[in-house]
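What follows is one chain in structure tokens, specifically the form predicted alone.
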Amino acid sequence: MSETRLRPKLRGKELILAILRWILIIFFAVYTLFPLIWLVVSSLKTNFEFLAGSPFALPAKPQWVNYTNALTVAGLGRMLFNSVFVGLSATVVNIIVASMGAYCISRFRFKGREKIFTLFTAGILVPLNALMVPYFVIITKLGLINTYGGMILLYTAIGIPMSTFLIRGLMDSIPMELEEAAYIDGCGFYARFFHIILPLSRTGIVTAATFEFLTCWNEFVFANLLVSSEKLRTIQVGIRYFTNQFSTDYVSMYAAIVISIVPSIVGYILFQEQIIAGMTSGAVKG
């Protein structure tokens, strides 16, 4: 009798918890997606509708010409190329350096190994804005100010702590027996690294590469600090100048912002599984 009386109570509690859970999920979904939806809707309005009408009203007729203006009139195509070129170049160099460093720290035992790893990962905790002056002075001394090389070198450096942390987590999970067997079969240092460790660490590498590219793509402060030439401006810096070139054309600026967001969303959708797997690797060991 007691069990039959408890079942309705338990079902009632489970139903209440399920309702509360869905309320929280819907709330956070709306809270997260509403600014993006508002941005897309505003980018399809005319300037008159945006300034004089309700900010939450739908456009009378979608103005796709705003996206054309953002790409052609404002030279957004050149900025997109700069962002892609700098982001991909920095990501490739960053992954090469970080994977080599992570391999040495993960697979070799030497005095001070964990201290070196701590110094690497401590960079994750340092605010990037606090390093503006040192980075600017170093890049200037190297003669790389206002060049692609300066941005690529800087973005490579600021992403090494996170990339090393993620890739090392994957390499730690690879059994040492695989490498020992390859060594017995005659594999040298580079053969083991390129043919065994790197392929098995691809999840962490993809995760690190995704984070590095998104960091480069969305970065504004250092791109604005190191570059003054219009030909070298990345998309995030270029959006800032829309208020000068289009003093009242806010809808074209919103269209440019939407365009700049799309690669980040597409990249995460494509590599979602690898990113989640890379972030959770090493969480459970046994």
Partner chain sequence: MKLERSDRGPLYAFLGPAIVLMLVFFVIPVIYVFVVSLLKWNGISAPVFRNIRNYTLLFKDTAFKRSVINNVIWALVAGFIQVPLAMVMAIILSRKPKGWKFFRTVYFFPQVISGIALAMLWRAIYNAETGLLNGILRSIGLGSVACDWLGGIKTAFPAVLIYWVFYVGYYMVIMMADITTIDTSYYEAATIDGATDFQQAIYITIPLIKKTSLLTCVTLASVMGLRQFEQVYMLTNGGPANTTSTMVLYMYKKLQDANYGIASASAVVLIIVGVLFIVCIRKLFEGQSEETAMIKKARRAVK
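In this text, the rigid core denotes the largest set of C-alpha atoms whose superposition between the two forms falls within 1.5 Å. Positions refer to the first chain, counted from 1. Everything quoted here is computed from the prediction, not taken from an experiment.
As for the form predicted in complex with the partner chain, it is not shown, yet the points below apply to it.
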{"property": "Partner proximity in the predicted bound form: Leu154 to the partner chain, non-hydrogen atom cutoff 4.5 Å", "result": "yes"}
{"property": "Exercise: Ile257 in contact with the partner chain in the predicted bound form, heavy atom 4.5 Å", "result": "yes"}
{"property": "In the predicted bound form, Arg78 touching the partner chain (heavy atom, 4.5 Å)", "result": "no"}
{"property": "Residue contact check: Pro55 to the partner chain in the predicted bound form, 4.5 Å heavy atom", "result": "yes"}
{"property": "In the predicted bound form, segment of 67-75, 81-89, 122-130, 201-209 with a heavy atom within 4.5 Å of the partner chain", "result": "122-130"}
{"property": "Within 211-230, the residues that have a heavy atom no more than 4.5 Å from the partner chain in the predicted bound form", "result": "Leu214, Asn218, Phe220, Val221, Asn224, Leu225"}
{"property": "Did Thr46 shift 2 Å or more between this form and the one not shown, C-alpha, core superposed", "result": "yes"}
{"property": "Rigid-core frame, C-alpha of Ser229, shift of 2 angstroms or more between this form and the one not shown", "result": "no"}
{"property": "Cα displacement of Trp217 between this form and the one not shown reaching 2 Å, rigid core superposed", "result": "no"}
